[in-house]
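Before any questions on how it binds or moves, here is one chain, the form predicted alone, in structure tokens.
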């Protein structure tokens, strides 16, 4: 790896990928400055990394739970001790504001301790038998090599939520971070796990884009793929893995409903809406994407949300305090602009925002949205809050469910029992009453429905089964005599 501007990164990281694929730039989205470049892994080199991880996995699986737990706890300490390094790269490489990066890091530290604790969880169950003297056991065994393909928006968290439990369960891991977050979501993880004492080749890392990613998915020696990203790519991964019945954990896109009923607390609802729509520039799969508001409170809600949007400052999170940083690349800025312009041409009205300075995009509130408009139908992944109104409760639920995606949703109401009832009618994997959609507690199973995933879950106790296979073993002291 070559850095062109080491001085401004406030630290030195000596890293060479050791790969020979095409070099790609590490670009600061706020300024367009190229911070360095790194060589991608070729398909053959990816296969070599997978082979090394496969060879290292049995010995790792045979270590004691105390050994694995100790490494994971030391990794948690390494994360804390290298906080400034992580925050610097999360700002410069991914456009993360400091509070977002601090929350992400703390969640990762807690997940490391949780994964360490899970190493000592029961490894199976004992079942009775109809045959006297037979002992039936259901035991968990490691998958083997787990491929983790992680995105750029929460690069540390969305990599480690799969890497850590996979390691805890005795698997080797091959991590492929997004090229736009290769340092935060790849290099730093690899180096800090090594510093924590993880044996060589238990974790491999593949920099690059589609080529090493495809090699990881299609290789016969990867037993599982954990992927976070777009529905289109996730569907392709599922199709490839189905050919060999490879295990998958797919957390995909979201176009999340944010319902405001007529009895909602508008002050609270608008606060949740601003957080859910504008946090990290709206570049979150759980973004509050479709604001479905009762017509009787639409004016008050809209005014409150516009006021909150106007109070937010957009800037460079590495050099100044700001509420929003840059969009990740020019293509994303162009996409968000096109969704707004196409909807405006169909009758929508921009009340605030809608403008961009390069990749710095103002928080945007759009009114008079209809269900036929792109801002309603598509995942935005930008700081935009499109508002559509409804008359009846049934209409609100129908609008909420009018999407092929079903990741997260929220309902705002003065009657929590009513909210809980309606939550059961919404086709989403997570529904929050009187809160925003961007909720993530590391110890609670997380995942979506419909085109938002494969109905798998990551988080808390489900990790024990998610990153293992199960095997039935029966034992008898003496052989049985059957009729023939």
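Model, not experiment: these values are computed from the prediction. Numbering follows the first chain given and starts at 1.
Just so it is clear, the following notes concern the form predicted in complex with nicotinamide-adenine-dinucleotide (NAD), a form of the same protein that is not shown.
Hey, in the model of the complex, does residue 178 get a heavy atom within 4.5 angstroms of nicotinamide-adenine-dinucleotide (NAD)?
Taking the distances in the model of the complex, the answer for residue 178 is yes, it comes within 4.5 Å of nicotinamide-adenine-dinucleotide (NAD).
I'd like to know if residue 228 sits close to nicotinamide-adenine-dinucleotide (NAD) in the model of the complex, meaning any non-hydrogen atom pair within 4.5 angstroms.
Yes, residue 228 sits close enough to nicotinamide-adenine-dinucleotide (NAD) in the model of the complex that at least one of its heavy atoms falls within 4.5 Å.
Can residue 407 be called a contact residue for nicotinamide-adenine-dinucleotide (NAD) in the model of the complex at 4.5 Å between heavy atoms?
Yes, residue 407 lies within 4.5 Å of nicotinamide-adenine-dinucleotide (NAD) in the model of the complex.
Does residue 147 reach nicotinamide-adenine-dinucleotide (NAD) in the model of the complex if we count a contact as any heavy atom within 4.5 Å?
Residue 147: no contact with nicotinamide-adenine-dinucleotide (NAD) in the model of the complex.
Quick one: find which of 72 to 80, 116 to 124, 87 to 95, 231 to 239 has residues within 4.5 Å of nicotinamide-adenine-dinucleotide (NAD) in the model of the complex by heavy atom distance.
Single hit among the candidates: 231 to 239.
Of the residues 393, 191, 368, 379, which one places a heavy atom within 4.5 Å of nicotinamide-adenine-dinucleotide (NAD) in the model of the complex?
Flagged contact: 379.
Between the options 330, 347, 99, 209, which residue brings a heavy atom to within 4.5 Å of nicotinamide-adenine-dinucleotide (NAD) in the model of the complex?
Only one listed residue qualifies here, and that residue is 209.
May I ask you to list the residues of 250 to 264 that have any heavy atom within 4.5 angstroms of nicotinamide-adenine-dinucleotide (NAD) in the model of the complex, in sequence order?
If the 4.5 Å heavy-atom criterion is applied to nicotinamide-adenine-dinucleotide (NAD) in the model of the complex, 250 to 264 yields 251, 252, 253, 254.
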